[in-house]
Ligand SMILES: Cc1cc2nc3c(=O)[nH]c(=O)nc-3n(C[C@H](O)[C@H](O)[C@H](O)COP(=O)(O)O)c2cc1C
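Below sits a lone chain in structure tokens, taken as the form predicted on its own.
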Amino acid sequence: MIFYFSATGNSKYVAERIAAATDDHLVYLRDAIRSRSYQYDVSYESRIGFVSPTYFFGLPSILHFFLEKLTLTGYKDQYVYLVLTCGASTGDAAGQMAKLLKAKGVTLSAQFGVPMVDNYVPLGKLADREAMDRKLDEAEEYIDEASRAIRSKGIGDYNRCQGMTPGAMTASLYPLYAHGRSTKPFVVTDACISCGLCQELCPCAAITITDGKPVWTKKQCVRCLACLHRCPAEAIHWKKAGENNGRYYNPRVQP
């Protein structure tokens, strides 16, 4: 069983590749939360995996929310692993995960890191297509390495993407995310075609289509930027950043 969250396809791609290598099934957190599915029987699961992007060197708020409600019935010290995708480094996101799982009586057996295409456009432009392709090609080695270790239930820290000072990175920057997920910077232009995809994609139901256009009805969101990246009309922006910094969805995975 592999629980995963993905907004721009990077973590979905990794989760699907690992699921294929380990013959495991996937649980998408957005769908699980929408259906209020928080209890899972893992009696017959030999591995329990989590695949997640890294936000500000920590875990997305949706993963915190899900783990607080999660109940794993039949857990008997099975192999539990975490795979973190990142633009550059993961910081101590695995440390956060270990604490959240420990509160549930679950032990994190192993952690992995997979560098993918950085797509946080509020801070800069996307790389060009050639550079993105190189990055995705390089990620295959990390995914293969993780898959091999997961199949054999390797224990320990396999994450080569934590950065020089992971604890300090997370401690200093993650609070900016945890306490700063305001929806105010989102704007929508007249290019909007009223398709409603943004509302459908939003993992925390922060968007409502009103008079044919998206309205952010919650003060905070996950800040996954799925609404921005996947808007077919490119009508959603993060202030002015989304207008010029590009849009991204992993080209190697189906939306």
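Residue positions are given as counts along the sequence shown, with the first one as 1. The model shown is predicted, which means the values in this text are computed figures rather than measured ones.
Form predicted in complex with this ligand: not shown, discussed below.
- Contact check for C224: a heavy atom falls within 4.5 Å of this ligand in the predicted bound form.
- Though the partner is left out of this view, Q96 does not reach within 4.5 Å of this ligand in the predicted bound form, counting heavy atoms only.
- Residue contact with this ligand in the predicted bound form: A171 places no heavy atom within 4.5 Å of it.
- At the 4.5 Å threshold, heavy atoms of P166 stay clear of this ligand in the predicted bound form, well away from it.
- The partner is not drawn, yet in the predicted bound form one stretch among 33 to 41, 205 to 213, 47 to 55, 190 to 198 has residues with heavy atoms inside 4.5 Å of this ligand: 47 to 55.
- Within 4.5 angstroms of this ligand in the predicted bound form, the stretch 88 to 104 places a non-hydrogen atom from each of A88, S89, taken in sequence order.
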